[in-house]
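Shown below, as structure tokens, is a lone chain in the form predicted on its own; questions about how it binds or moves come after it.
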Amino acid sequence: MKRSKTSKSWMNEHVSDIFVRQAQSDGYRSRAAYKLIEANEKFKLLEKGMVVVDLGAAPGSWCQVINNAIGSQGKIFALDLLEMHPIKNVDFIQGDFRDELVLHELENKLNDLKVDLVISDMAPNISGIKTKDQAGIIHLNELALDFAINWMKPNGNFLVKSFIGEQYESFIEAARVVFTRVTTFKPKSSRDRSAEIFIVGQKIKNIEQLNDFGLE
């Protein structure tokens, strides 16, 4: 079966991509590693000994970056729909974060351990219908935010991938209720044609403040 022009174009772009080549050289599983590296350089999200939850973790490049930053004293809990080959110091669950049973499995693994950082690279299966795809990722963003509210330590941080669209500003406003500082950025390693943008929430507010907004 012949490759389509689209698949050939993607392959050419992939092979010539500087971040793909750099990932291969540095031993990362995908070019996405540099998105988290850039976020960490800009916002200082990772420190030694942290407890981190990585949602949408496969193939595992963000877990590799986290591992290098937090060291052996830290803990990583990762989750994805897709299989992920094991990584040292990473407790992985394969499942759908939208499924209550999968969420409970993650919560059971945490075993009352509070989290310093919640990161999410989750995205819906892209349909090509902009409004549908945007609504899908906002739903995942909201689930990640709700998880952070329930499991984060005082002053914990949050990083989530999103798409700009109809519900985007409403989600930003919700994040501002939860975190002291909310910033958006597009990493240099994010492809120009990609609609993705990353939202960073820093220093989660205390429980009393969240109670005032009915969020706890």
Ligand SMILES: C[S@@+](CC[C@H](N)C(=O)[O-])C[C@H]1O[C@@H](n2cnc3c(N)ncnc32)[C@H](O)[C@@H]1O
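In this text, residue numbers run from 1 along the sequence as written. What you see is a predicted model; the values in this text were computed from it and never measured.
The same protein also exists as the form predicted in complex with this ligand; that form is not shown, yet it is the one meant from here on.
Scanning Ala135, Ile126, Leu81, Leu110 against this ligand in the predicted bound form with a 4.5 Å heavy atom cut-off leaves one residue, Leu81. Taking the partner from elsewhere, Ser162 is found to have every heavy atom lying beyond 4.5 Å of this ligand in the predicted bound form. Though the partner is left out of this view, Ala32 does reach within 4.5 Å of this ligand in the predicted bound form, counting heavy atoms only. Within this chain, Ile70 is remote from the site of this ligand in the predicted bound form, having no heavy atom within 4.5 Å. Contact check for Asp121: a non-hydrogen atom falls within 4.5 Å of this ligand in the predicted bound form. Contact with this ligand in the predicted bound form, judged as any non-hydrogen atom within 4.5 angstroms, is confined among 24 to 32, 162 to 170, 38 to 46, 178 to 186 to 24 to 32. Taking a 4.5 Å heavy atom cutoff to this ligand in the predicted bound form, the contacting residues in 50 to 79 are Gly56, Ala57, Ala58, Pro59, Gly60, Ser61, Trp62, Leu79.
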